[in-house]
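Taking the form predicted on its own, here's one chain by itself in structure tokens.
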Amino acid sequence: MSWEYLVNHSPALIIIVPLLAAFGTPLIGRFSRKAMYIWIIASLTLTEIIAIIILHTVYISGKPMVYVMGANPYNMAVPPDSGGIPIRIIFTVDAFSSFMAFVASTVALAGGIYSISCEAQQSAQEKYYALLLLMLVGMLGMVLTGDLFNFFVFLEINSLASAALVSYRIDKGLAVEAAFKYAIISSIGALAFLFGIGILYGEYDALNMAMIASRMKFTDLDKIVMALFTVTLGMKAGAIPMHYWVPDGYGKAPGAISAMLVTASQASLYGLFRVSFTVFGLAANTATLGWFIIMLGVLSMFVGVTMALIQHDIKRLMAYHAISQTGYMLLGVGVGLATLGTAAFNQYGLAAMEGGIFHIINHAMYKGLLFLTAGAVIYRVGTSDLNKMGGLAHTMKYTTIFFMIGALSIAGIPPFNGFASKLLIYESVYQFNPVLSILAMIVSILTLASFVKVFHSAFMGPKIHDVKEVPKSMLIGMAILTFFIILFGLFPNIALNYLVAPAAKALANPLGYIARVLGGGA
């Protein structure tokens, strides 16, 4: 396989590799557990490498990759609609898509390595890893596809795999109940999303996002579709008040899956931002839609953090913080959408978007790390109740350090990555509306207070449990995410210049996206 071939087909390969690995995992697992572990880690590592290749290719070219399934990779001309019937599957990979693919692949790699020891005593591991890979396939497909119906298909793959993994440990039926709740809510949301797709198809004879955007007239039906998409994807992202599944889903899933549920929620957040800017951005009143997203963000921040303060279950507490942190992303990108097309966008709107998008990768890393540390604690002490923990810092030194790094980062304390993205949000949003910025800062203070409580309850004081540190593979999984937390905290310009700024500019340029797709390989 030549380098040129790998680059040209990388949008397809990043889906094919984990998909084939998922179906191969049960077969290999029947013969050798060790071989299965090697197969899983090799597949996840290769997927990560391909994600980096895509990221580099898009950054160097400065324009989206348009990959048409079955077409000549050297002449990716997009075929016409053929009377509204889509005859090709098209992936449109811009800087925002490649950014999200990198985030999902990185967290999945850390989660896969972590799971080798964490799930070693569980039964049906072949199914666990197959579902983990399918969950990754769903996330990658959601952020890479240029077609609304294919987005729905990958959304369903992601939802089904996630629901199955939430129920993996059963936990006296509690995990099954959480998975059932997640599956029901996801199914209702997916049907609403599919209904919206049907309306757009009936109106514009197209399913491709760029094609629909180019024909968008923003009729009353389109307004209904926009509402359906916004509510559905907001629910899947875990935004208040559509957050019902989050505390149970995150709380009962295995530690690695809780970390991956963060990126799964962010894939839905990507979908919300993509349809808001690309599909509706040229025709809709972006100020109104932007303010709606801002309000979702403010509610998510405040309600999430206040609910976290009263929790005594370590994973439910972190689940509510995941809701709260999602609010920062909604706030930042919402301000960008509300100011799109005005002079204020260049003054502070784009910076707010950059802060929100920067917070996506930062949140994936530090919240993923925190869920892994919570899983490590539960792995050793056998309970998630903070009232039954204490003194773990005496014997679980590395886990304690990892937890402290994640906790300081989520609270926005320098020199960790959470500080960099939150500061960017504070400064830019303050110019838009000082009250919103002050609320965001208050939420960060409450977040710090909450994690001081967790640190004191779980890690400080006399030893309650005579335990030892977790196995090396779990530590390696945590170390991978910690590396990015420290890297983006000490050198935020690396993330801003090479990852965040290109992603924000790509999202804010729907005309460029549409022209690239409808213009084919030009």
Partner chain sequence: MNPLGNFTTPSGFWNPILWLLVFLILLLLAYLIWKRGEESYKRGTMQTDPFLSGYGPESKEAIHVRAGNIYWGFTRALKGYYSFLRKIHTGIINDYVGWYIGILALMLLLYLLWGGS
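These figures come from a predicted structure and were not determined experimentally. Numbering follows the first chain given and starts at 1.
One more form of this protein exists, namely the form predicted together with the partner chain; it is left out here, but the text below deals with it.
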Counting only non-hydrogen atoms, choose the one of 301 to 309, 157 to 165, 262 to 270, 99 to 107 that falls within 4.5 Å of the partner chain in the model of the complex.
301 to 309
Note: exactly one of 378, 197, 226, 393 sits with a heavy atom within 4.5 Å of the partner chain in the model of the complex, namely 226
Which pick from 56, 33, 472, 456 sits with a heavy atom within 4.5 Å of the partner chain in the model of the complex?
456
Taking any heavy atom pair closer than or equal to 4.5 Å as contact, tell me whether residue 428 reaches the partner chain in the model of the complex.
yes
With the partner left out here, check for me: in the model of the complex, does some heavy atom of residue 29 sit within 4.5 Å of the partner chain?
no
Do residue 489 and the partner chain share at least one heavy atom pair within 4.5 Å in the model of the complex?
yes
Contact of residue 444 with the partner chain in the model of the complex (heavy atom, 4.5 Å)
no
Which residues within 409 to 428 place at least one heavy atom within 4.5 Å of the partner chain in the model of the complex?
414, 415, 419, 420, 423, 424, 427, 428
